[in-house]
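Below sits a lone chain in C-alpha coordinates, taken as the form predicted on its own.
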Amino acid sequence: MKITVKLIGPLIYEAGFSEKAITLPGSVTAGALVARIKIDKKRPTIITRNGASVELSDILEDGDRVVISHIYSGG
(Lines give C-alpha, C1' and ligand atoms only; values in the text may rest on other atoms or scores of the structure.)
Protein backbone atom coordinates (compact mmCIF):
# COMPACT_ATOMS: atom_id res chain seq x y z
CA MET A 1 0.00 0.00 0.00
CA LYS A 2 1.34 3.44 -0.93
CA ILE A 3 0.39 6.66 0.92
CA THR A 4 1.62 10.20 0.28
CA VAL A 5 2.45 12.06 3.50
CA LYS A 6 2.85 15.84 3.71
CA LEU A 7 4.08 17.51 6.89
CA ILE A 8 3.49 21.14 7.83
CA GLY A 9 5.65 23.56 9.86
CA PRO A 10 8.11 22.26 12.46
CA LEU A 11 7.10 18.66 11.75
CA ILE A 12 9.20 18.89 8.58
CA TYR A 13 12.34 19.37 10.67
CA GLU A 14 11.38 16.71 13.20
CA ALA A 15 10.78 14.01 10.59
CA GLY A 16 13.35 15.19 8.05
CA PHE A 17 11.02 15.55 5.07
CA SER A 18 8.24 17.77 3.75
CA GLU A 19 6.41 15.33 1.51
CA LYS A 20 7.06 11.77 0.42
CA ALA A 21 5.40 8.57 -0.65
CA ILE A 22 5.54 5.83 1.95
CA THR A 23 5.01 2.17 1.10
CA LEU A 24 3.41 0.16 3.89
CA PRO A 25 3.09 -3.64 4.12
CA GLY A 26 -0.68 -3.57 4.70
CA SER A 27 -3.45 -1.45 6.09
CA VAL A 28 -2.60 0.86 8.96
CA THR A 29 -4.40 3.39 11.07
CA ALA A 30 -3.62 7.09 11.02
CA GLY A 31 -2.15 6.67 14.52
CA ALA A 32 0.18 3.89 13.38
CA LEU A 33 1.35 6.08 10.50
CA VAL A 34 2.14 8.94 12.91
CA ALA A 35 4.10 6.54 15.12
CA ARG A 36 6.01 5.26 12.09
CA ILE A 37 7.01 8.81 11.09
CA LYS A 38 8.31 9.40 14.63
CA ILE A 39 7.15 12.94 15.20
CA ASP A 40 7.02 14.52 18.65
CA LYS A 41 3.74 13.69 20.38
CA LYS A 42 3.99 16.48 22.98
CA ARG A 43 2.00 18.92 20.84
CA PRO A 44 -1.39 17.96 19.44
CA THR A 45 -1.69 17.46 15.71
CA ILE A 46 -4.45 17.46 13.16
CA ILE A 47 -4.44 14.75 10.52
CA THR A 48 -6.34 14.95 7.26
CA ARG A 49 -6.84 12.28 4.63
CA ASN A 50 -7.70 13.49 1.15
CA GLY A 51 -8.78 16.83 2.64
CA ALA A 52 -10.99 15.53 5.47
CA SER A 53 -10.04 15.26 9.14
CA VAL A 54 -9.47 11.74 10.48
CA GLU A 55 -9.14 10.15 13.90
CA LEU A 56 -6.06 8.19 14.97
CA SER A 57 -8.11 4.98 14.78
CA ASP A 58 -9.24 5.51 11.14
CA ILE A 59 -7.79 3.00 8.68
CA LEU A 60 -5.91 4.47 5.74
CA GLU A 61 -6.30 3.19 2.20
CA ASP A 62 -3.98 2.76 -0.76
CA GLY A 63 -3.47 6.07 -2.59
CA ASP A 64 -4.49 8.29 0.33
CA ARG A 65 -2.84 11.70 0.75
CA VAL A 66 -2.29 12.39 4.44
CA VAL A 67 -1.39 15.84 5.75
CA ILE A 68 -0.17 16.26 9.35
CA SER A 69 0.18 19.60 11.13
CA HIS A 70 0.38 20.91 14.64
CA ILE A 71 -2.80 22.62 15.84
CA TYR A 72 -2.31 26.37 15.80
CA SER A 73 -4.40 29.18 17.23
CA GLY A 74 -4.04 32.88 17.47
CA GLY A 75 -5.58 36.06 16.40
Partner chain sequence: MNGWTGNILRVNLTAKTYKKETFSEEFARTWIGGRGFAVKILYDELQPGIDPLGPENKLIVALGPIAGIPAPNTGKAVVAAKSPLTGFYGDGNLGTRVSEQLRKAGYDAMIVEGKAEGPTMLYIEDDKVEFLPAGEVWGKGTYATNDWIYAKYGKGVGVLNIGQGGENMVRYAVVRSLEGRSGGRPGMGAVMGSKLLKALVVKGTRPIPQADPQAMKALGFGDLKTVGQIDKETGWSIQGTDAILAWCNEVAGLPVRNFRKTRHADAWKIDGERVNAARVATYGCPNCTMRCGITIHDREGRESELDYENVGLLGSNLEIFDLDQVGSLNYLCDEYGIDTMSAGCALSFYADAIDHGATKGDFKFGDAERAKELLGLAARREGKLGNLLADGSLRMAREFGHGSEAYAMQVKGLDVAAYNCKFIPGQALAFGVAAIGAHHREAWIITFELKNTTRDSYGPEKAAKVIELQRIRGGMFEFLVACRFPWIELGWPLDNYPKYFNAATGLNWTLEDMWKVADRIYALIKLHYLREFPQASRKDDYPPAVWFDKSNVDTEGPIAGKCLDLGKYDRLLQHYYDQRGYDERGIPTKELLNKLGLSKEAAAAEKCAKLSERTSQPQAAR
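Fair warning: this is a prediction, and the values are worked out from it, not measured in the lab. Residue numbers count along the first chain shown, from 1.
As for the form predicted together with its partner chain, it is not shown, yet the points below apply to it.
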Exercise for the section: Would you check, heavy atoms only and a 4.5 Å threshold, whether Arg43 touches its partner chain in the predicted complex? Expected result: yes
query: With the partner left out of view, is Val67 within 4.5 angstroms of its partner chain in the predicted complex by any non-hydrogen atom?
result: yes
| How about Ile59: is it within 4.5 Å of its partner chain in the predicted complex, going by heavy atoms? | no
Report yes if any heavy atom of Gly63 sits within 4.5 Å of a heavy atom of its partner chain in the predicted complex; otherwise report no. no
When its partner chain is considered in the predicted complex, the residues of 1-32 having a heavy atom within 4.5 Å of it are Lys6, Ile8, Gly9, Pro10, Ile12, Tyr13, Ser18
